[in-house]
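So this first bit is one chain, no partners, the form predicted on its own, shown in structure tokens.
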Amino acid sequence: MADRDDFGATLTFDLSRPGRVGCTLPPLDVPEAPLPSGDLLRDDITLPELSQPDVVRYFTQLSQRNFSIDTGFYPLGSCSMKYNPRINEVAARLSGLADVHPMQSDETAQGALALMHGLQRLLAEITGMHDVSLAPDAGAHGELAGILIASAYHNSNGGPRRRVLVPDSAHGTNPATAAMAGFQVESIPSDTDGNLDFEALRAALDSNGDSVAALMLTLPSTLGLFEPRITQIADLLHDHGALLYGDGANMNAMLGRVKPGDLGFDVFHLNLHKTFSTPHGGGGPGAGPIAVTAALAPFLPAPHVRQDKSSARFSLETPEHSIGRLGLFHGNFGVLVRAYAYILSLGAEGLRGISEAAVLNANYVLTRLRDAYRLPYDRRCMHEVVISGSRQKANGVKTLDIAKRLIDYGFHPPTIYFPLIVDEAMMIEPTESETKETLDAFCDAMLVIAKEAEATPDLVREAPARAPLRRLDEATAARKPVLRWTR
């Protein structure tokens, strides 16, 4: 096998030996069919020939090169890469839940439907909204559902509205979602304190308010800040007949403390795979339920779970003015099970503890790093803090260099260069699940790197020094990826 120190440079093709096999196949139980003619066979996709131990050891060692929340601190801002209790994994794997088939009749799936209905009601209570749909399969999917609902709602009230307002600090999916839904997207700037520029919003509404369908607002914002004028923003939008859409990707900063419905939101999506216990990363699975007011409930996507009050029987329904189906079947059921178990096991007090710890941890990181890095908005943050490497850039050390150097200290880098409105941004989200010792170790590394950027900038610019792979040509890798082995 390859040496662990340079593992990754040696591929399975390099280990291949002619005639070596990793498994034996049973005798054919069907008639043998002739192979196609030789001129149709390709010789450029030959598979490696390895023994079974070689295969197992290769991929086991390769997996050990992966960074994960089980092996280290993962401070990706805006992603909530937090530890999730294993009991929720056990719940999702219970045979009665894991083996249920989406095409079973309602009569044989009452337990699963009861769980979904219960989760709908729990999320409605948590958000302070009238009703919830579990159909969206991801956060951006929930955004699309919410904007399609806004469009359908306005169309039902006598005419289309074609403008959607989006803060300049928003997640990139917000303007993309609005454009995908056929809206004209208009950016609203942030003010000097990092809040939405209220006067710019007023001007955008006063100019042609009856053409605005909604404002898509992330709360807390991607700057990690709470919007102090949120109720005034909601009132201003409603005065012009527009809706307030809430990107709830950062809901773990508000759990048990405030309900979006009480703040004036009309539709609010949640990322169950961030806030409510599903391991996040790797492209899925996810779930992005949307919570809505009573006025928007008839437009929820299908299917929606309802309970007959007389028989107590659960069934799937299509709301009266539904925007229709968003995908096959009933969403990512395993994610829904984990969220249901997570909420019930924690209860109201536990959910409140999540937001309290998340906000406390982020402000602790802010306090420890404030003198070494520039704070673009020097105020109390929520669950994540955005700092800037602009001071270090003056010595020729960029934020990317700082992120690479963190790898040498055993930490996954935070989100960098986002939000876009902050120069040399680093967005750090410690989450509620990390200990003070872990946060201190991370902050100690960040402080050492800040000193290195002054004293030995070349050391930081050449990092990482102790990783299996150093720096890649990321632009070429993205534009001209090598997706298969060639001789």
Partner chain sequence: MAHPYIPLTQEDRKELLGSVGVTSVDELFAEIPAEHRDPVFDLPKALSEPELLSYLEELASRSTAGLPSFLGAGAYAHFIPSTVDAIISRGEYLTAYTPYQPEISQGTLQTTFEFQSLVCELTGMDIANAGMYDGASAMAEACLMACSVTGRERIVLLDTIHRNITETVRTYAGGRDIEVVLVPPSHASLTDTDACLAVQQPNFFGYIEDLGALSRAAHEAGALFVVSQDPVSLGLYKPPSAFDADIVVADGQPLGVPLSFGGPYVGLFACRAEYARQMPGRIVGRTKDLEGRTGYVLTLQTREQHIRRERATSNICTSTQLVALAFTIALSTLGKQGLRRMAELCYHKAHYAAGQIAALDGYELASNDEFFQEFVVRCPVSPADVNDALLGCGMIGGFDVSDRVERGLLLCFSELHTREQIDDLVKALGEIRG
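Worth saying up front: this structure is predicted, and the values here are computed from it rather than measured. Each form is matched to the other, and the largest set of C-alpha atoms that superpose within 1.5 Å is called the rigid core. Numbering follows the first chain given and starts at 1.
Below, we turn to the form predicted together with its partner chain, even though it does not appear here.
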Can you pick the stretch from 289-297, 241-249, 95-103, 203-211 whose heavy atoms fall within 4.5 Å of its partner chain in the predicted complex? 95-103
Is residue 458 close enough to its partner chain in the predicted complex to count, meaning some heavy atom within 4.5 Å? no
Within 4.5 Å, heavy atoms only: does residue 49 come near its partner chain in the predicted complex? yes
Heavy atom of residue 452 within 4.5 Å of its partner chain in the predicted complex: no
Residue 172: touches its partner chain in the predicted complex, heavy atom cutoff 4.5 angstroms: yes
Of these, 369, 253, 237, 188, which has a heavy atom no more than 4.5 Å from its partner chain in the predicted complex? 253
Output the sequence-ordered list of residues from 314-339 with at least one heavy atom within 4.5 Å of its partner chain in the predicted complex. 323, 324, 325, 326, 327, 328, 329, 330, 331, 332, 333, 334, 335
Core-aligned, is the CA shift for residue 423 between this form and the one not shown 2 angstroms or more? no
